[in-house]
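Below you'll find only one chain, the form predicted on its own, shown as structure tokens.
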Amino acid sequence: MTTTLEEITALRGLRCRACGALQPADERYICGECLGPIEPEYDLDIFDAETLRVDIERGPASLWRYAPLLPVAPPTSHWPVGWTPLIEAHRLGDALGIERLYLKDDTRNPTLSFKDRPVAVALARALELGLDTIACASTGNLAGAVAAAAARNGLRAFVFVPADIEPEKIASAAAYGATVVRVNGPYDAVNRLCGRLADEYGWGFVNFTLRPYYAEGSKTVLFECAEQLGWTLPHHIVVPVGSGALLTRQATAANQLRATGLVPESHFHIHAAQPAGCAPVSDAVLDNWRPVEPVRRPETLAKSLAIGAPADGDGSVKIVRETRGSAASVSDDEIREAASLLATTEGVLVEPAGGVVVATAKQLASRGVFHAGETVVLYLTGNGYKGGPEETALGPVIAADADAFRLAYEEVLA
């Protein structure tokens, strides 16, 4: 009798990235030997590539189609997350000088950002552990994702954010019923506060005490891209970098896709995109691969990427180097221009982080990083309605009169 994937548990345990110890997948969130970071490890040899591929393609239209490669079982109570479109972007590609350009549009997730992915996996673990409260430190998008997930599953939610985050970024979290705690100081100060509170209250901080599971949700972006490209890896991906978890998990995903035989061997490059006002990873890459130096006072309109001391910063630099990728840090003016270009060429409205990605792709294209015939995928991680480019130009208010219209819009009509 053939064994089904539902009967297979690929998770072997939690491996420490510092000392290498393999430990049980229990309540721990740091290494029991050296207090280092831990992450799930899988026995990928148990899979037959063709069986795995067929079962994935028969799976739900959500990230849980990849359940065999995730560390928890899908919760039955949560709404679908993931399986967002991969859009071929001819007009934007022409404008940037990129022949085969695609947009991975994660603005289509339930709370309009890719953060629904890691939260879905962290939530599944929180439910397994019987927790009644989930929490997070956030620069905006994660707050809404955590709050909505808690509401959907009958849990309490506390979200901690820097006080200067755009109100529209956190209004949804309050609307979902979360307690929104605004903290004076940058994200790194907020994160330190959450670290102190985590053990005291026993809550499930998705990006702290649940982080080994939370970060795994980000792998599914590349899983989907590969499947949507006919089970092949794109040649290039351009990834926005805040904490670095999204970028590092793309390398994990690529390794797992290759190890299971789901995709053939091919060249695959990961590029880091950061705003100039907070670019610790990109600056380290561009400065001859030096160690990451924290940014004490991030200053950028792309506040969702304003993490001065990224937890996976050095790991991101290492992966960009290993995949022979590159990076860029782009100004606020470049971010505004790129976000506007994306909207007017492809009809996709993104928050400033998306402008960072498009502007980075423009810089990389001008440097000759992309070659003819290569596929380039831009990761768009947040919707513009959650904080779009600043100072978007609106026309004047006019009287309900045709002459007034013609006078006010004379230049446009010409």
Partner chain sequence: MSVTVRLPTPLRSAVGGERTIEVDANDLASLQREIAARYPELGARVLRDGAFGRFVTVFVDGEDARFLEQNADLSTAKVVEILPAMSGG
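Positions refer to the first chain, counted from 1. Here the structure is a predicted model, which is why all the values come from computation and not from measurement.
Another form, the form predicted together with its partner chain, is not on view; read the next lines as being about it.
This chain is displayed alone, yet in the predicted bound form one of G185, P264, G97, G195 has a heavy atom within 4.5 Å of its partner chain; that residue is G195. C34 is the sole member of A61, I46, A49, C34 with a non-hydrogen atom within 4.5 Å of its partner chain in the predicted bound form.
Not displayed here, its partner chain is approached by A18 to within 4.5 Å at the level of heavy atoms in the predicted bound form. Taking the partner from the other structure, its partner chain in the predicted bound form has a heavy atom within 4.5 Å of a heavy atom of D314. The closest non-hydrogen atom of P85 lies beyond 4.5 Å of its partner chain in the predicted bound form. The shortest heavy atom separation between T300 and its partner chain in the predicted bound form exceeds 4.5 Å.
Judged against its partner chain in the predicted bound form with a 4.5 angstroms heavy atom cut-off, the residues P24, L127 and T220 are out of contact without exception. Comparing 339-347, 147-155, 196-204, 318-326 against its partner chain in the predicted bound form, the single stretch with non-hydrogen atoms within 4.5 angstroms of it is 196-204.
Shown without its partner, the chain has P291, V292, P294, V295, R296, I307, A309 in segment 290-310 as residues with a non-hydrogen atom within 4.5 angstroms of its partner chain in the predicted bound form.
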